[in-house]
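Structure 1 and structure 2 below are the same protein chain in two forms, each given by itself as structure tokens.
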Structure 1
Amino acid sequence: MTVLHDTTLQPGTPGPSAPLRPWVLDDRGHVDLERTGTPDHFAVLGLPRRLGLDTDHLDVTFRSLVRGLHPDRFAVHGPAAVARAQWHTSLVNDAYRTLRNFDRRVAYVLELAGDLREERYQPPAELLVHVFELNEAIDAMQDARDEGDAEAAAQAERDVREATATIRESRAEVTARLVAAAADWDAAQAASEQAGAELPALAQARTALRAGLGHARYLDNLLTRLDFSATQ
């Protein structure tokens, strides 16, 4: 087994509140390049499966693991060891990119549960009305620009800016609801782990997360179009 002792990667004191051991470490806290398989992102970084992660701790863990897995440290063991170190590093990078972003973290938790359904998000009627008006404002702005009508273009641009501000406010509200749903999911996940079985509250929390994430992505697509229209 190719290992590398690195005190920066040592796990914390054993106990219920201690951080989990990163997947790449063996029982002695050494880098173990012989590990194979496909662990989940939380296990790769030695983090509990929770949505409310401490991002500062996440950053420190990521940097420590990447430093400990740097291929140059394994060059003495030959090309195979270097290749394995690179593979483990890719796992750490993928885990970090996913878990560092809140929306991606939510999507990943749903994916792990097999609950990231592919059905198209259906926005509520009042949002559809707003989107219809928004599309009209964008079309009016583009038509005015094409026709060289500066006054009409300026008015249309103001309408689009106001619509953008409204969408951003809605996105902030959706984010707040997602954060609340994430807290509910964390509590239900902890209770399920303690009970040794999935409790109904966990599925209910996932439903709220899935709905919130669909709403958030819908609004993000609108904002992308608005930002693109503003630059044309």
Structure 2
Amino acid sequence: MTVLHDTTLQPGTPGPSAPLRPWVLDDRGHVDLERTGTPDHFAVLGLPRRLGLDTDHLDVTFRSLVRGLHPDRFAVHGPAAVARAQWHTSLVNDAYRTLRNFDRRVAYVLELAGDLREERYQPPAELLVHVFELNEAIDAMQDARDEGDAEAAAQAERDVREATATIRESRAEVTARLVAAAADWDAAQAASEQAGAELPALAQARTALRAGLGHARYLDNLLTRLDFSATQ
């Protein structure tokens, strides 16, 4: 059993000596999942578990890690070294992909907490009706196009464009709410870490995050469909 500690990365030097992050490796050089569990994305990148993070710093960390660990660096060192590099790089890639995007980062933090029924988000009826009606409007626009009814299609397109603007505004509001909830969560998480136990504020922050993310998902689905129908 070896615990490898972070050393300075030296990009551009292919070879098995490329440094590794502090993961627990077994004697064969595999990450010991039994010890580390599925490695936590924050831990893989050497970051504290916080939602507010400096994405520039994240980019730099990712690039330097991947430069040292990527299997292409080990191509001439035999299949075992390549296999190990594949596995390590996949962990770095997965962590980066998840944490680089704010929404995905929030979803990941919620996933770590588990599916908690009492924190579940129930979308308000008005939102659902609104989303439903907009979906029907997109359908109507596509039908009008399919039937070659230029006038109806133009009218429908105007309606859809207006609706898109409104949805984008709502999405921006939801993002602002999520950012505020993320700051609350970070504070609660820091306090919980210090207290050595989960504080009630953490669950409150999570509930707010779940609500924001749930709301955002409806708007995003709709925006994807609106964008797609606009380019058709």
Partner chain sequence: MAYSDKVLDHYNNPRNVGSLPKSDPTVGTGVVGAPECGDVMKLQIKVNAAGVIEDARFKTFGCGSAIASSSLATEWVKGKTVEEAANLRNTDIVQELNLPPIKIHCSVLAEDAIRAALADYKAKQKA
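Predicted model only: the values in this text are computed from it and were never measured. Residues are numbered by position in structure 1's sequence, first residue being 1. Here, rigid core means the biggest group of C-alpha atoms that superpose within 1.5 Å across both forms.
Q: Only one of the two shown forms is the form predicted together with the partner chain, so please name it by number.
A: Note: form predicted together with the partner chain is structure 2; the other is not.
Q: Does residue 153 show a Cα shift reaching 2 Å between the two structures after rigid-core superposition?
A: Yes, the C-alpha moves 2 Å or more.
Q: Does residue 142 shift between the two structures by 2 angstroms or more at the C-alpha, the core having been superposed?
A: The answer is yes; the displacement is at least 2 Å.
Q: Taking 2 Å as the cut-off, check whether the CA of residue 177 shifts that much or more between the two structures after a rigid core fit.
A: No.
Q: In Å, how large is the C-alpha displacement of residue 128 between the two structures after the rigid core is aligned?
A: The alpha-carbon displacement, core-superposed, is 3.6 Å.
Q: Once the core is aligned, what is the C-alpha displacement of residue 76 between the two structures? Give it in Å to one decimal.
A: In the core superposition between the two structures, the C-alpha of residue 76 moves 6.1 Å.
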